[in-house]
Structure formats: structure tokens, C-alpha cells
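Only one chain is included here, represented as C-alpha cells and corresponding to the form predicted alone.
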């Protein structure tokens, strides 16, 4: 929760920093708390990074307007990891060593959070992932947290939704899976969906795979569609999902696609030529259906600040920053072990995406929403509560 007290900023001016600091490291500014974010600001998942950065920046600005925390203002430093795992680790190293980051926000992609998280864990700097859902992310160590749900829950949500879905009055029974075999996010989500759908009595008629960056999928899709799935679950990112939908429609597939939060990007509308209309995916936030006053204010303020509607990535970036700031306030300091302990004790924090509690595995206990793809927007379809 946000503090209502205004901090008194130091009247002393900081001594200017030397441009020739030893090994390029910066001295920590005593009147600021440095927050480092590593995100894919360029590359195929840049939409994720930009949305998340916007959400984090909005939270930082609101916190600073209220006086910051512990009498200090926040300074946000963003490093572009370009969607590369090796660069993600390097980005976190730079944020800690060069910028003096006291808390890390990031990443969106689970593979990148695994890479950068290992650095943060080794250096004992708390890290909060806004939206990496693979369950292995927080298993990296006790300094790694997240404010989103995890894939076992997200996969089961979509499997239950698929089993209840009606197409032309007929219940869906046969589903195929098309996953990115090199993505921790995609393979974990596919596994959770597969297990739950089978347990519910559904039939998985086929499972195919692709690689990030592929642009042609007709070979896999031809074999898959020959088995006549009523729905296709594609637990990937928006870049490939749009291409997969286009080729599947060209091959005659008319059923819905189902997916996870990796679909949540405006690029889905710009690129899909309405091939995904009538499809559904899971998310942690619906901008047209905020569930709390904090969410309503976030939707309004985000639109005013950036000129367009927020998505789930922006909302989770916003919440990651607020949860980190709240932990620093409760810890009464920015020392890594103290902030780590405060993050672990987070319970019933009111964020834009709803109420957030951190469990013993440092995962957020969160509800989910199902969003329907329309011609020019994602629309709230239904909510699924955490069990």
C-alpha cells in the first residue's frame, strides 16, 4: 500500500560525480533509491518491454509525486536486453555494478528472467518479475519474486475454459497444441494445459512445435489439421501467434485459437488481419473490467499519460514497482536481505491487477481473466478465481 506521508527531501546538493569513476561504477546517490529494470525494448518482443516500462515508470512517477519512500525519491534505470538470455544476465550485472540498483524489475519472458535472476540471486539483490509465469523462475532462489500467476494455474485455467467452450452448440472435446519448444514459458504452459485437459476427459489429438523466429508453419499445421481439432492451443508470443493463425486459416481451419498472456500486445490487431477474432487467452488484468479502485485509477492515469489503453503487461509492471516500494517502506531500509524479507511477507497488497499475496515459493496468489479477441480490442470475457 502507498504511504500517505510526504517525505522531506534533503536540502544538501549532491557532489557532482566524477566522469572517471573506478571501473565505471557510480556512487549511490544518497537521496535516491535506484530501481533497475531489464526488458526487451528492441527485438521481436519489444511490445512487452515497452508496455512494462510504461507501467513501471507510471508507478515511479506517482510514488515520487507523493514524496517517495523513506525520505528518498526513486530513480528508474532501464536496460535493453534485446530479448537475448546472455544479454539479460549482462544487463542485470550492469544495473547492479554500474548503476547501483537496489532492486531489480524484470523480465517478462521467463527464459530471460531465469538468466537475469541468477545474477540478482548471486548478488543478493531482490528481483520482482512482473509477468514471467514459468514456475522455475522463482526457484532460482530466495531473492526472486513475481506478481503474476504461474503456468500451472494459467494452463489449468485455459484447459478448463476449453473443456467448457461451445462451438456452434457443440462442446469442445478435441484440441491440438502448437508450442515453442525452445521457450520455458511455452513448454511449461503447454504441459499444464495438456495434463489438466486430459484429466477433465478431453482428447489431445496432436501436439506440434516450432522455434522462435520461424515464419512458416504449414508443414506442422497440415498434419495437425488433418486430425480435425476443434480448437488449437498456442502458448506462445504474439509475434509467432499472428503468423500461425494466418497460415492455419489459409489451410481451412475455422475454429478458435486459445492462448496465454504472451498474446497480450496491440501488435495482435495490427498483424493478424482479423484471423484471431473469436479466439481467447488468459491474462491477469482486463483494462475494460478493473476490479478495484486502484485498477480503475491505473486505467485512467495510464490512458492520460500515454494516450492509449493499458494492457496486462503494463498493469503488472506497475504492480511490480508498487510491491517493491511497499517492501522497502516496510523494511525501513534498502539493504537486500531486509527488502527480501519484506517482499516475502507481502499479503493482500491492493494493486492494479487486484489483491496480491506472496506465497512460500515467492509466487503471487492471483486470479485470472479470459480475454476475447475482437476486431480492434481485447474484451473481458470472464474471471477465474485462484483456488
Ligand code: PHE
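Keep in mind the model is a prediction, meaning the values are calculated, not measured. Numbering follows the first chain given and starts at 1.
Just so you know, the form predicted in complex with phenylalanine (PHE) exists too; it's not on screen, but the next bit is about it.
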Counting only heavy atoms and a 4.5 Å cutoff, which of 216-224, 107-115, 170-178, 200-208 contacts phenylalanine (PHE) in the model of the complex? 107-115
Taking any heavy atom pair closer than or equal to 4.5 Å as contact, tell me whether residue 313 reaches phenylalanine (PHE) in the model of the complex. yes
Would residue 48 sit within 4.5 Å of phenylalanine (PHE) in the model of the complex, counting heavy atoms only? yes
Can you tell me if residue 230 lies within 4.5 angstroms of phenylalanine (PHE) in the model of the complex, counting non-hydrogen atoms only? no
Verify the contact flag for residue 262: yes if a non-hydrogen atom of it lies within 4.5 Å of a non-hydrogen atom of phenylalanine (PHE) in the model of the complex, no if not. yes
Just give me the single entry in 239, 134, 279, 156 that has a non-hydrogen atom within 4.5 angstroms of phenylalanine (PHE) in the model of the complex. 134
In the model of the complex, the one of 145, 185, 193, 298 near phenylalanine (PHE) [non-hydrogen atom within 4.5 angstroms]: 185
